[in-house]
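Only one chain is shown below, in structure tokens, and it's the form predicted on its own.
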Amino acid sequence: MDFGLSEEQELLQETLRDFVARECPPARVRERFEADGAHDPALWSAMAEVGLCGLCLPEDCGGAQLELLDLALAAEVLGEGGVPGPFLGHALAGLALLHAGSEEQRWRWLPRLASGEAIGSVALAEPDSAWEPERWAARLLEGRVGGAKRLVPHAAVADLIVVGLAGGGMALVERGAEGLSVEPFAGVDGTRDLAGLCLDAVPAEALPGGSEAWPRLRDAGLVLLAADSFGSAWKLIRDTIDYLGTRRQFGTPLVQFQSVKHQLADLATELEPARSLYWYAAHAFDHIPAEAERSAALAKAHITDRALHVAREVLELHGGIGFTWECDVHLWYKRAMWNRAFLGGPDHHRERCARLAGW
């Protein structure tokens, strides 16, 4: 049995790495941190051209009809590059429509999402940062939704937002709808904008399969965050090795010092085995439904925790310059912080893992 990636999956990552190196070098990532917003329309158009907007969407809607593992492999590469933009929320909105939407809703939105013409997002967290549907308060009554949402990715540029409803249902809200107000939120990661939503009797369409599809939407989001964090962490380790090879102390490159070698080796050996966690969780999503929920929670909790640990360690290995704005470490450090918190922190998902295991 082959537990590695297929040739097609390896080619997917290789192609995307070439794309990211060409279209989004660290200088372009830094531009987004220093700009008013994280969305770069030209970069988004380029991402759409290489098919990133519809990897898991059906072929008859313009997508590639791949599996969640393929989408996660793409997320890993985007995490490596620190690529800014609405990829995560857009991917989750597409999956929500795919698994919970009516036939009419799918045909109306999925082709536009797959082409990148329309941008999607998800509004799940309540004002108290509650991510689970048991604590959601937004309600849909007579075709209008009322309530408030927080931590909505790229809400200001989203053409379609999937809103989580009390009890676990979901509804579609379109950009510019009457009664919808978007309030920017100052997040830590300059590559991914956040906002709060005020929903004052906003026209909305229920997703018929929302309650049944919500767990799958959450699991997909957890896997994508884990994959992004894995890519970000390996990027930091590789860049730190390169940096320490250029700095010298007592005439010797810092990377040759035994204590530094041990620290870098520890980081690598702690991180690399976690690759299989997100691979397996993504595979389970499509092929082993009974194990998908716990696998996704475990991957998210462990990998995002490890990624933030890596970020802290490599910042210290850079010495004083690591704490400056001019050093690129903080770009990926902040991405690791964002990934760790979004959709719930590690402690929350470890508790879920324990409950799902019957502990």
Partner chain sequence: MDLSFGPEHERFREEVREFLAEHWPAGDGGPPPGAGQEASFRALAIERGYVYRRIPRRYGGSEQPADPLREDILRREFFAAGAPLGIPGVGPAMLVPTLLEHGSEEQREEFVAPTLRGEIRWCQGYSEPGSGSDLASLQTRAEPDGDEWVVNGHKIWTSSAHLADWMFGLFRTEPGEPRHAGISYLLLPMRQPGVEVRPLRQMTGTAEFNEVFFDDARTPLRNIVGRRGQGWKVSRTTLVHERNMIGDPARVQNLFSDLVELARGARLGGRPALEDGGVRRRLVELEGYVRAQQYSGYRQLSATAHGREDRTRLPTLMNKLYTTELVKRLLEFGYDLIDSDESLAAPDENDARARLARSANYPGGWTTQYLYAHGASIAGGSPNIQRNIIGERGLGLPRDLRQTP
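Residue numbers count along the first chain shown, from 1. It should be emphasised that the depicted structure is a prediction, and the values quoted were computed from it without experimental measurement.
Keep in mind that the form predicted in complex with the partner chain is not shown, yet the notes after this line are about it.
Residues of just one listed stretch (328-336, 41-49, 54-62, 297-305) have heavy atoms within 4.5 Å of the partner chain in the model of the complex: 297-305. Within 4.5 Å of the partner chain in the model of the complex, a heavy atom is found for every one of Glu272, Arg275 and Gly358. The single contact residue among Ala201, Ile288, Cys198, Val188, judged by any heavy atom lying within 4.5 Å of the partner chain in the model of the complex, is Ile288. Note on contacts: among Glu183, Glu117, Asp266, Glu212, the single residue with a heavy atom within 4.5 Å of the partner chain in the model of the complex is Asp266. Of the heavy atoms in Val255, some are within 4.5 Å of the partner chain in the model of the complex. In the model of the complex, the partner chain stays beyond 4.5 Å of every heavy atom belonging to Trp131. Trp109 falls outside the set of residues with a heavy atom inside 4.5 Å of the partner chain in the model of the complex. Though the partner is left out of this view, His262 does reach within 4.5 Å of the partner chain in the model of the complex, counting heavy atoms only. Contact annotation for 333-359: residues with any non-hydrogen atom within 4.5 angstroms of the partner chain in the model of the complex are Asp347, Arg350, Glu351, Cys353, Ala354, Arg355, Gly358, Trp359, listed in sequence order.
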